[in-house]
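Quick heads-up: it's one chain on its own, the form predicted on its own, in C-alpha cells.
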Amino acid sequence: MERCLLNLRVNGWCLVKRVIPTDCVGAIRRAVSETVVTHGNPESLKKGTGFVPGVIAHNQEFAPYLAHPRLMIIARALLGAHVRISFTSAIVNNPGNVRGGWHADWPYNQNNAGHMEAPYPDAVSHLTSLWMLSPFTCENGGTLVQPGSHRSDNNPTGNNGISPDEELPGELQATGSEGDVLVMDSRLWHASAANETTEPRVALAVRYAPWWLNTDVLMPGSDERARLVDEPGATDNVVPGVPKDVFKKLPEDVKPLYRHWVEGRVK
C-alpha cells in the first residue's frame, strides 16, 4: 500500500492486484456484459464502446468488493475518512473501437458543466478506479496514461495547447490481469486505446470522492443539475440514483459509500 500511495502521488496512478478473486471475476464479467447489452447507451455503441452509468442499480455482483480494505486504505489516505462513491459505470471496449482523446475525469474535464475551472488547485479531490474484468493488454486497449500529468493545473480538454488526439512522449498503457484495479488521481491525463483483438475488454469505472465534493450536478432532478446543466442547455455526466430496494441489499460496509445517492433522498 505504501508503494501504491507513492506511485499515486508521483505518477498519478497505481495498480492494486487481485481485488476480485480469480475464481469470481469470470461470473462478474459475464453479468456486467449482459447488463451492458440490456441497458447500454446506444450512442456509446456507435463509438465502439458499451456504457451503462449507475450500473449498480442493475447489477450488484461486484458490490462485495467496492469497500475492499486495500482500496479503502488508498481512498482514505488521499480523500479523508468519509469517502463515498460518485460514479459506478460499466464500460466495454468492443473490437475495432478507436483510440480516444486525452482528458482528465470529472470534475477536471473542462467540457463538463460541473467542473473546476482551470487553472485548478494542485490537490487530490477525486479518484478514478478501473476494474479489470478482462485482462488489460496493449492489444485489447489497456488504458493510456500520461505519468505525472496529474500535477498539471489543466488538461487537453481545457485548451492547454496540447491536442487531445496527439500521441505524447512517455505515454504508457496500463496493463493488468482480470481482477486487478487501476487507481488514478482523476486529474491524470488518460485515454482509451484501440482494441485490436476479436474479444471485448470489459471493465467497471468506480470513482471515489470526499464528503465535501458536491456531486449533485450529476443527479437527475437535483437543483444543481437544473441550474448548471438543464437551464443553460449544457452537458454533463448523468448518474442515476440507487433504488432503495437495491441499497437495502448492499453489503453493510458498502452502504456508507452510497447512502448519499439513494433515490428519494433530500436534495
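Don't overthink the numbering: it's just position in the shown sequence, from 1. Nothing here was measured: the structure is a model prediction, and the numbers come from that model.
The protein also exists as the form predicted together with a small molecule; that form is not presented, and the subsequent description refers to it.
I have 76, 84 and 180 flagged as a candidate spot, so tell me whether each of them has a non-hydrogen atom within 4.5 Å of the small molecule in the predicted complex.
Not a single residue of the candidate spot has a heavy atom within 4.5 Å of the small molecule in the predicted complex.
Select from the listed residues 132, 127, 71, 91 the one whose heavy atoms reach within 4.5 Å of the small molecule in the predicted complex.
So the residue touching the small molecule in the predicted complex, by this definition, is 91.
Given the stretches 76-84, 189-197, 156-164, 118-126, which is the single one in contact with the small molecule in the predicted complex, using a heavy atom cutoff of 4.5 Å?
Single hit among the candidates: 189-197.
So in the predicted complex, is the small molecule close enough to residue 225 to count as touching (4.5 Å, heavy atoms)?
Taking the distances in the predicted complex, the answer for residue 225 is no, it never comes within 4.5 Å of the small molecule.
In the predicted complex, is there a heavy atom of the small molecule that lies within 4.5 Å of any heavy atom of residue 29, even though the partner is absent here?
No, residue 29 is distant from the partner.
So, in the predicted complex, is residue 185 in contact with the small molecule at a 4.5 angstroms heavy atom limit?
No, residue 185 is distant from the partner.
Given that the partner is absent here, does residue 107 sit within 4.5 Å of the small molecule in the predicted complex, heavy atoms only?
No, residue 107 sits far enough from the small molecule in the predicted complex that none of its heavy atoms falls within 4.5 Å.
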